[in-house]
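Single chain ahead, written as structure tokens, the form predicted on its own.
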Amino acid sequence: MPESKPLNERPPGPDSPVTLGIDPATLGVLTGLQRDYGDLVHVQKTSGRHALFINDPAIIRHILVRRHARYQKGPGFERVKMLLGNGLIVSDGDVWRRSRTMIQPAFKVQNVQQLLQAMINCSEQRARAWQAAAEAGKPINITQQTSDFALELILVCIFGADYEQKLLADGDNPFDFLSKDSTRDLSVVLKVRKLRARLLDIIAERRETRSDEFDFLSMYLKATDKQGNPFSDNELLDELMTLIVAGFETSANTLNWVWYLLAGNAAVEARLLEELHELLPHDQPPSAAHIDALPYTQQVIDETLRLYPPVWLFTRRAVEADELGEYGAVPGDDIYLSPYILHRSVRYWPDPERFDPGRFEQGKQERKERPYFPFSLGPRRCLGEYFSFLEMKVHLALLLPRFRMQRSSADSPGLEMGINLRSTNDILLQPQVR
């Protein structure tokens, strides 16, 4: 192995400063850097800060897993913090460790599986709307449909009966703006803050009644740290808002792309349909065990996440010196990691633009060795990953056997490269009853 170079020796990179943000221009800059200088690139930003762009899967794993304690959240999280407060996605250090330890039990497999019926109910509600559209010969806005599905589901799973009794008491869902407006600007921040008082009332009543109802709110209320202290009201509000926004956007955006890809790939759709007919019961709702035993369905979702990772750009900031291959990071360096670019690098994924779920067939590649991190890696890997996969597989298992989707346009929906990766334009699909 080559000797490590001094940590103050920088990897190759351009001489001129570059502008990096979380936007389409940044994707172009990072793609160009990788093309011109390789998978470990040093730049000086126009702000004067030094940064490293890393597209090497071994170094990415080193940063996110082995040496995660040497890095904290990087640039771009200020906007997220305005929206979500200091919840799990944004917090660092002792605050993050305490919250992670308290929240993690809620996402145990056996707890998530108790929410299966809510996933079935929300999917059945979509089926009724799609049936009506199919009979009328009208297309559906699958972008809006998957957003509505995922938002309703996460709210039901958080608040249980309080979703209808408290949140829908005035007839409208007060969180609807999250699924209908994809911007995450100051106006959305203000709308979110107005809801905090409403949620505080629900929290106060739950604390007083000590309801035995099983939902995420009840589990969060029962959670305590090592000293036996529960979440304060403000901490709980931050974690609930984090769960609402992050919990619905990831699944909504992924399902949006799944339906779009299936509508343009008849062979994949046919194989997926064959698996659902073969492995699911025909005379009763599926159990969690049925849903978990759908390997090709999982491959379809994995491949969709390869092409369209929900968070296309992760950032970190080095707080300690660290060796990165032949070079190193020094304290203060901003670190840029892009699942979108890594997942479409021909060096790691042959014919990377092609939609091919077979890439994820068991045995082709060890999971831990994949150049793949749609939900991040290591201790900061998304806690809700199993919940999201179960939700998406239930949705597909119940709806795909009933509806065939056709694209209403041959035009690409485009990519919106914000904090989350979305389609620029809503996707319209024409449902047909099978």
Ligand code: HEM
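All figures in this text were calculated on a predicted structure; none of them were measured in a lab. Each residue number is its position in the shown sequence, starting from 1.
The following text describes the form predicted together with this ligand, which does not appear among the structures shown.
**Student:** Using a 4.5 Å heavy atom cut-off, which of 160 to 168, 324 to 332, 93 to 101, 351 to 359 contacts this ligand in the predicted bound form?
**Tutor:** Flagged stretch: 93 to 101.
**Student:** Quick one: in the predicted bound form, does every one of 17, 21 and 43 get a heavy atom within 4.5 Å of this ligand?
**Tutor:** None of them does, since no heavy atom lies within 4.5 Å of the partner.
**Student:** Is residue 66 one of the residues lying within 4.5 Å of this ligand in the predicted bound form, judged by heavy atom distances?
**Tutor:** No - in the predicted bound form, heavy atoms of residue 66 and this ligand never come within 4.5 Å of each other.
**Student:** Should residue 73 be counted as a contact of this ligand in the predicted bound form, where contact means heavy atoms within 4.5 Å?
**Tutor:** Taking the distances in the predicted bound form, the answer for residue 73 is yes, it comes within 4.5 Å of this ligand.
**Student:** Give a yes or no for residue 376: in the predicted bound form, does one of its heavy atoms lie within 4.5 Å of a heavy atom belonging to this ligand?
**Tutor:** Because a heavy atom of residue 376 falls inside 4.5 Å of this ligand in the predicted bound form, the answer is yes.
**Student:** Find out whether any non-hydrogen atom of residue 145 is located within 4.5 angstroms of this ligand in the predicted bound form, and reply yes or no.
**Tutor:** It does not: once this ligand is placed as it appears in the predicted bound form, residue 145 has no heavy atom within 4.5 Å of it.
**Student:** With this ligand left out of view, choose which of 231, 340, 77, 260 has a non-hydrogen atom within 4.5 angstroms of it in the predicted bound form.
**Tutor:** Only one option qualifies, and that one is 77.
**Student:** Scan 307, 318, 311, 151 and let me know which has any heavy atom within 4.5 Å of this ligand in the predicted bound form.
**Tutor:** Looking at 307, 318, 311, 151 one by one, just 311 meets the 4.5 Å heavy-atom criterion.
**Student:** Which residues in 380 to 414 have a heavy atom within 4.5 Å of this ligand in the predicted bound form?
**Tutor:** Residues within 4.5 Å: 380, 381, 382, 383, 384, 387, 388, 391, 392.
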